[in-house]
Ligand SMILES: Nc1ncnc2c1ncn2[C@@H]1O[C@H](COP(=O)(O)OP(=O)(O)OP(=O)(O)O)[C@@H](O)[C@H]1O
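We begin with a single chain expressed as C-alpha cells, specifically the form predicted on its own.
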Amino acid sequence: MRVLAISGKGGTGKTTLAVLLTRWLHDERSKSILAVDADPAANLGEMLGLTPGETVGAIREEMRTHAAGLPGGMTKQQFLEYKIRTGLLESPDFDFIAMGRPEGPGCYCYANNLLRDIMDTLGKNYTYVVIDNEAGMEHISRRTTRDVDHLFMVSNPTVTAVRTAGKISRLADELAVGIKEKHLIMNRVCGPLPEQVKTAIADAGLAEFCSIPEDDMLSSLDRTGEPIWPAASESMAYGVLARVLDELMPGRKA
C-alpha cells in the first residue's frame, strides 16, 4: 500500500488535484485504489462522479447513540468494521469512502479516530490510497495524515497559500507523523510566479515540485457542478501533472 495525501489552504484546488491524481493512478498504475474524502465539506465524491453512501461522520453518530444496542453477539469493533464497509462505494475504477460531518454535537476527534481505523483496516487491501484532506493543518495535528508516502501540498500563486503550505510542512516535521516525501504543487498559475511568491516559497523552506497552469476546462466543470473524473485525462492540468508523477513514481500498470 502506498498512501498519497493532498493538503493545502482552502480554495487552492486541492480536491481537483485529488481527482487528477486518482485518475492518473487509474490510467497509468493500477485500479486498486481507495479514494478517501477526509474533508468534512465532502465534495470529492461529486467530483469523481459518485453519490456518496454512509459517511464516517454518520457512523460516528450511530456509534454514539446506539452503542448499547448493538446486534446480538457483535462487539463494538466488529460492528464498526461492518458499518465502515457498508459506507464503502465500490466501482470498476476505484473504491471510495467519505469522512462527512457528524450531525450531532460533540468532539470531532472520534470521527478522526474512525478515519485512522479505516486506514488500518481497509487501506492494506489496496495498492494505492489517495486522501483528500480538509483545508489547513488539522489533519496533521490530529494525526489523521500519518504514514504517508507522498504529501502533496497545494498552493495557488499567493503568498498566503504558500505560507500555509510551509506551516503544514513544518508541523509535519515537528510531529514526526511518518511522511516520507513532501511536494509543493503550485496550482492555477497564470504566467511567471510573482517575485513575492518565489520569496515566500524560499522562506518556507520549500521547493516547487510542479506548476500547473489555470485550466479553463476544469474551471468550467467546477462552475457548473459537473464531475471532473470523466474528462480529467483530457485536461491540460492532467498532462502537466502526469509528466511529473511518471518521474516521481515510475512503473507500469498492474
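In this text the structure is predicted, and so the values were computed from the model without any measurement. Numbering starts at 1 and follows the sequence shown.
Although not depicted, the form predicted in complex with the ligand is the subject of the following passage.
Look at 194-202, 51-59, 215-223, 25-33: in the predicted bound form, residues with non-hydrogen atoms within 4.5 angstroms of the ligand sit in 215-223. Interface residue remark: Gly11 is counted as part of the site for the ligand in the predicted bound form, having a heavy atom within 4.5 Å. Under a 4.5 angstroms non-hydrogen atom cutoff, the ligand in the predicted bound form has Ala135 among its neighbouring residues.
In the predicted bound form, the ligand sits within 4.5 Å of a heavy atom of Met47. Taking the ligand as it sits in the predicted bound form, the stretch 153-170 never comes within 4.5 angstroms of it through any non-hydrogen atom.
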